[in-house]
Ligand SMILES: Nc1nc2c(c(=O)[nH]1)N[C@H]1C(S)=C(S)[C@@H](COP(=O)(O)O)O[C@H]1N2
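What follows is a single chain, given as structure tokens, in the form predicted on its own.
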């Protein structure tokens, strides 16, 4: 593997398939609601302005694309029990945000905001993992709209619903709050979602 590619630690496991998962060579399409349209002239990415962030950030599509890029080699595990290995992602590292804003020490969690009001929550240390990025490409090609084009968060070491599609902004929080799928009325998925300990639902 090329040395300038970030290797997700889970790809180094002797057994790369988490409990009760099945290997797939296809890439299933799963999401809630319609696929959003993309207009590069109006699309933006925002860091929600609040006391936990030093300043507001709003990048246009052109500005976001001008940010430094990384490549990440990682596996993907869906809570619906499929695992897709050997993915090569390309995009903007989540850690890139730390070069543009200063966070309060009170910032402990992240809420990811996506099209149509979809959200998902993450502890800040998972969000800023070395292998986490806002992906624009997969295996050398731009993401398909069904898979999150133009920007998808990728958090390889958690179940794939945390790798939210169609990301538009980030909000930092002091306290954890459930996102869309984590709310009881939408299934009560686990607040973290570690596939290796089968954290599929809130009561797991």
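Numbering follows the first chain given and starts at 1. Predicted model only: the values in this text are computed from it and were never measured.
The same protein also has a form predicted together with this ligand, omitted here; what follows describes it.
- The listed set 168, 137, 157, 147 contains one residue whose heavy atoms approach this ligand in the predicted bound form to within 4.5 Å, identified as 147.
- When you look in the predicted bound form, the only residue of 76, 72, 93, 110 with a non-hydrogen atom within 4.5 Å of this ligand is 76.
- Using a 4.5 angstroms heavy atom cutoff to this ligand in the predicted bound form, all of 82, 152 and 164 count as contacting.
- Considering this ligand in the predicted bound form, the lone stretch of 53-61, 27-35, 171-179, 40-48 in range is 27-35 [heavy atom distance within 4.5 Å].
- Contact annotation: residue 118 falls within 4.5 Å of this ligand in the predicted bound form, judged by heavy atom distances.
- Mapping the unseen interface onto this chain, residue 114 counts among the residues with a heavy atom inside 4.5 Å of this ligand in the predicted bound form.
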